[in-house]
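Coming up is one lone chain in structure tokens, specifically the form predicted alone.
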């Protein structure tokens, strides 16, 4: 079974050609990390897969369902965490209330809410207001919110932003363990892929079009990275790109 199928996808926003001839398939269950510079179209691709943005041409299927034709089924199948800057930091809700309200409709499971709070280390903050938390804790609340819903596909847009380096690996380990244990699929758009590499996920190198797709060791080459970041050098076992990104190739 395919979790996601994208073929010849084109998206225009106004006159801007944001995504050009994007094609890839993701088997289920598996993990995909979308990597690219700012403005590469990562968030646009996620929102188009979810049906939030209408495609100009091409085919998208999520578990063999067109998100534009059957958005109700997509809402039941997918749990989504948007970028944190799209969330009102002063929302007058407590942590447990936010985690209990799925961001992509559907219904949360009370047991999963408790579990999500536990695995993200938020139990002691459950009765704190969202606006009282640091940026890193707010990000963990949004991760927990996505985990508190039964879903076959998890989609995260920059889940590691505003999270300290020590917590990034912890969050990725938690997500990967859940994916493996529950046999579900996950798509992550992220600048920081170093903590994901050890799990050998699928990588989609994106800069408005597909630069490379496959396992990390196959697509993380100096040639490919230079295409999306404009510059890439190798120092020992670390790639250094033309933005504030780094990828381990251990």
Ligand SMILES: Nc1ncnc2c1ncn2[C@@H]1O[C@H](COP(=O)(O)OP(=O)(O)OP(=O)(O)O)[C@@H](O)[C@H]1O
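Only a predicted model underlies this, so the values are computations on that prediction, with no experimental measurement involved. Numbering follows the first chain given and starts at 1.
Same protein, other form: the form predicted in complex with this ligand, not shown, and the subject of what follows.
Residue 40 is the only one of 40, 184, 60, 32 with a heavy atom lying within 4.5 Å of this ligand in the predicted bound form. Contact with this ligand in the predicted bound form, defined as any heavy atom within 4.5 Å, is confined among 63-71, 221-229, 32-40, 196-204 to 32-40. Taking the partner from the other structure, this ligand in the predicted bound form has no heavy atom within 4.5 Å of any heavy atom of residue 28. Of the heavy atoms in residue 76, none are within 4.5 Å of this ligand in the predicted bound form. Put simply, residue 9 is far from this ligand in the predicted bound form: not one heavy atom of it is within 4.5 Å. Using a 4.5 angstroms limit between non-hydrogen atoms, residue 161 is distant from this ligand in the predicted bound form. For the three residues 13, 18 and 83, a heavy atom within 4.5 Å of this ligand turns up in the predicted bound form in every case.
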